[in-house]
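Form predicted alone, single chain, as structure tokens, below.
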Amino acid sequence: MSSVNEQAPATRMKAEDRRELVLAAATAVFGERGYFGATTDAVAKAAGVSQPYVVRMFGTKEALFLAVLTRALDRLLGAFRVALAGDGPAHPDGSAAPHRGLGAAYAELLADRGLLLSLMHGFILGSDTEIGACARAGFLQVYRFLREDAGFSADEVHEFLAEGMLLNTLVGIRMAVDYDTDPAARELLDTALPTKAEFLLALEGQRKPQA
């Protein structure tokens, strides 16, 4: 007979909804604490479920983190596909320029700090057999999408990914905290996020969200 601590959430939910609930909480926890700092207990508390429930669903912390990485990559590519589908001809000759749409889609994901930061934590664990393999495969999946689906040149992919990693870094170190007190921080954010700096400041509590 199961104890109270081993039971699923009291609210009746479909299995896929319960899994998404835990993965969303795990994404936030791993994003803030990193792989080694996070625990299945912390994830369980964030999700409002028991720790045995999380373990029963995913098995190990490594398996949970791999599921978080896979979900993050799926959401990233999903946002890119939606943006790409919405890009119309941008030049008189009818050629498309998906760069702006994909860049805007990536910037919108800044609202989910855990998603982008959990990806970064995965990238720095390249020496781990399982996590490193997952991170490399995911990164190459994004590269192939940009090259084959979006039609970027190799140099354009390099520039796009470099800018994306810069945005991740700025979010990770909470550069927006110094926006109003350090001219260098202001200049850096205004240059990196010319149309999204205020959005990032609102995320960090430096500005009131616009209605």
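Since we're looking at a predicted model, the values are computed, not measured. Sequential numbering from 1, following the sequence displayed.
The protein also exists as the form predicted in complex with another copy of the chain; that form is not presented, and the subsequent description refers to it.
Contact with another copy of the chain in the predicted bound form, judged by any heavy atom within 4.5 Å, is made by just one of 104, 120, 79, 110: 120. In the predicted bound form, at least one heavy atom of residue 124 sits within 4.5 Å of another copy of the chain.
Among heavy atoms of residue 85, none comes within 4.5 Å of another copy of the chain in the predicted bound form. At a distance threshold of 4.5 angstroms between non-hydrogen atoms, residue 56 is out of contact with another copy of the chain in the predicted bound form. The closest heavy atom approach of residue 69 to another copy of the chain in the predicted bound form falls outside 4.5 Å.
Interface residues of 15-44, taken as those with a heavy atom within 4.5 Å of another copy of the chain in the predicted bound form (partner not displayed): 32, 33, 36, 37, in sequence order.
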